[in-house]
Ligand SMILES: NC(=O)c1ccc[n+]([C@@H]2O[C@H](COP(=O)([O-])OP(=O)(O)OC[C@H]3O[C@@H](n4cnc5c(N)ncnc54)[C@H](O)[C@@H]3O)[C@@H](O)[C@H]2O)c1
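Quick setup: one chain, the form predicted on its own, written in C-alpha cells, and binding and motion questions come after.
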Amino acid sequence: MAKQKLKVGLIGSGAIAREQHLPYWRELEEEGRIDLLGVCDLISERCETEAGKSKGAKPYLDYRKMLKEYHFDIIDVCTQNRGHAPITIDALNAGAHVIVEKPMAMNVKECKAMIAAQKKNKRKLMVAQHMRFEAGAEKLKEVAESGALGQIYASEAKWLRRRGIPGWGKFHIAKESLGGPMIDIGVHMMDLCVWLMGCPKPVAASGKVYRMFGDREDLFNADWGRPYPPKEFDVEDHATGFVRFEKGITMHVTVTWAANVAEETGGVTVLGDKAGIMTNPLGVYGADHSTLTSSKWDWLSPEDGHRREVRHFCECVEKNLDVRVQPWQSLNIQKIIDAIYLSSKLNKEVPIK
C-alpha cells in the first residue's frame, strides 16, 4: 500500500518563503512525500507565480479560504511577524500541524495563545529556528550534552553588522515586526545560545535599545539599500542585553543592523568550567594541565539549515516525532525579548516569570 502524501500549504510567499522554504517543500514533493496544494499571499502576482511552480498548488489571496478548501496536514507560516499568531492559531484549529517563521509572535501573550491552540488541537507547532539545524551547531550540541563543558555558567550571543538594515519588507515598522535587530537576528542568536546551554529557565533581564541610523536622511546602507522613507523607521537598530537564568547562568547579547565596526561579525560562545564552545571560530576550547587545547572538525555537511528544518518537520509529522524546537522554548526566548524591551524603557532590570 502506497504511503499517503502529506497535504501542505504555505502562507506568505515573500523572500524567506521563496528562498528558504518553498524550494525544500518542492524537493519533498518530487520525492513523493507531500503535495503542495496551496500558496497564499496578499500580492496576487507573488502567490500565482509560486503556486505555478508546483504541480497541483492553487494561489490564494485569503488564507482562511485556503484552510476551508483543504484539510491540510502541514501549514508553513512565512508572513510578516504580526501575522504569525492569528494565522498559526487558525491553522491549528483547522487541524494542521504548523511550522512558523521566527520570531514566534509579537509578544508573550500571543505565544501563549499559540501554545494553547496547539495543545487543544493536539498538533505539532515549531518555530523555524534554522540555526539549530546547521551541522556545526549539531556537533556543538553533542559536545554540550556529553557533559564535556562541565558546569556551564556564562554565554554570549552577538551579531554585528557594519551597515545592514533590511531594505525590503516591513522590518523597519514596529506595528508590523515589533522591533529591529533584537527581533530579527537577535532571536536567532539567543535561541541557538540558550539551546546549546540546555534551555535553562530565564529569571530576569536588563537591556537597552538604540535608534542611531535607521531614520537618518544621510544613512549609507551599503549593499542593502533603503527604499523606505526615513520617517517610517520606528524600531531600534542596535540592542544589547544581559539575561540571568536559574542556577546562576548568564547570557550577554548584542545585536545590531548598523554600527561603526570593522566588519560584520558574530557568533555564540558558551563557557563551562571544563571547556567552552564557540560557533565562530567553530570548535571546543579547553585546557589540559599545562596546555591549552582545541578541537575542531575537518569536514561538516554544508547542507543548509533551512533545508534540514523543513525536512525535520515533515518527518516529525510523518512519524509522529517530537520537534526539535519546542514551543515552550520559543516562548522563553520571547519572554527574554519582551523583558529587554521593557527594561530599556524603564531603565532597570525586569523579572521574567
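Values in this document were obtained by computation on a predicted structure and should not be read as measured data. All residue numbers are counted from 1 along the displayed sequence.
Note that the form predicted together with the named molecule isn't included here; everything after this is about it.
Stretch-level contact analysis of 216-224, 240-248, 77-85, 138-146 against the named molecule in the predicted bound form, using heavy atoms and a 4.5 Å limit, identifies 77-85. Taking non-hydrogen atoms only, residue 181 never approaches the named molecule to within 4.5 angstroms in the predicted bound form. In the predicted bound form, residue 89 stays away from the named molecule, with no heavy atom inside 4.5 Å.
Interface residue remark: residue 11 is counted as part of the site for the named molecule in the predicted bound form, having a heavy atom within 4.5 Å. Taking non-hydrogen atoms only, residue 42 approaches the named molecule to within 4.5 angstroms in the predicted bound form. Residue-level contacts in the predicted bound form: of 72, 195, 133, 171, one residue has a heavy atom within 4.5 Å of the named molecule, and it is 171. Interface residue among 114, 152, 253, 128 relative to the named molecule in the predicted bound form, by the heavy atom within 4.5 Å criterion: 128. Candidate site formed by 63, 101 and 306: every one of these residues places a non-hydrogen atom within 4.5 angstroms of the named molecule in the predicted bound form.
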